[in-house]
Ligand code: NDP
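As a starting point, one isolated chain is supplied in structure tokens, in the form predicted on its own.
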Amino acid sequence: MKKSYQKQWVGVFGDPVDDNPTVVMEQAAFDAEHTGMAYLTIQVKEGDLKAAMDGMRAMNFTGINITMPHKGAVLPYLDEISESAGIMGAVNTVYRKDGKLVGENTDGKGFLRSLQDENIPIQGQKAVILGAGGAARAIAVELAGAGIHTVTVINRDETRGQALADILNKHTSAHGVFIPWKGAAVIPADTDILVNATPVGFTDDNKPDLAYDSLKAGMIACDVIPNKVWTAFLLEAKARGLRTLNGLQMLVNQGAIAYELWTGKPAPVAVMRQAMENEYQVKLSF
């Protein structure tokens, strides 16, 4: 049989991107399954996204992950997007299908898998999401599709925050509510699931500006920050008796879905999880 030296390329476009650990788990999965695929971590600045997407097409990439600040901006450069990604207005995974570039959003789906791994109920629950960017939209829409009762969005930009609440009310059966973020945000006492979907804590040890006394032990605190197991937000929540879910768990699950889109095969989730445990010297619970 003729030997091939050609790789199938995938990767991630973003800025900043140097702290993004996706390559660790995806490459481990590719190598374990002998796919002949390679994952590249590529800094793409805000004004260079079109050139990067053109280059991806020209170099026959199999797919690409999209991270901040490009999740919404990438839409015009795709041939198709999934229905849920269209509702969210955000894409984090691109894959080829019949010669076309198709956009999907695995962030919210990965988040749901993480809740399911921890046996956390969703149906009829009430969620509060901090932020209204791409990750927030993905999680809100997927929670709505899974039967959440209410999603309250807390955001400083009132236009974006209200827009997300309006999306939920118009396109899903969930009740969307917007609360302007002015000063230390107070979390409603009947909250079941609290999600930090802001970038606060990604490049520093800061935490969202909340009235932390309003966090109650019955709540579940989740963070989407992918490069830390314990963010300052989660440490604060844990100290107050809340159950926590970190962004690394979500990252593995959304990465598994991306793997399946790129390869057409089931993802070796155990391999991906082990790779991240080794990288961070931690034990993930799922």
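Just count from 1 along the sequence shown to find any residue number. All figures in this text were calculated on a predicted structure; none of them were measured in a lab.
What follows is about the form predicted together with this ligand, which we do not show.
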(request) Tell me whether Asp157, Val224 and Met250, taken together, all sit within 4.5 Å of this ligand in the predicted complex, counting heavy atoms only. (result) yes
(message) Partner absent here, but in the predicted complex, which of 124 to 132, 93 to 101, 167 to 175, 186 to 194 has residues with a heavy atom within 4.5 Å of this ligand?
(response) 124 to 132
(message) I'd like to know whether Tyr77 contacts this ligand in the predicted complex, with contact meaning heavy atoms within 4.5 angstroms.
(response) no
(message) Please determine whether Gly145 contacts this ligand in the predicted complex, using a 4.5 Å cut-off between heavy atoms.
(response) no
(request) With heavy atoms only and a cut-off of 4.5 Å, decide whether Ile179 touches this ligand in the predicted complex. (result) no
(message) I'd like to know if Val200 sits close to this ligand in the predicted complex, meaning any non-hydrogen atom pair within 4.5 angstroms.
(response) yes
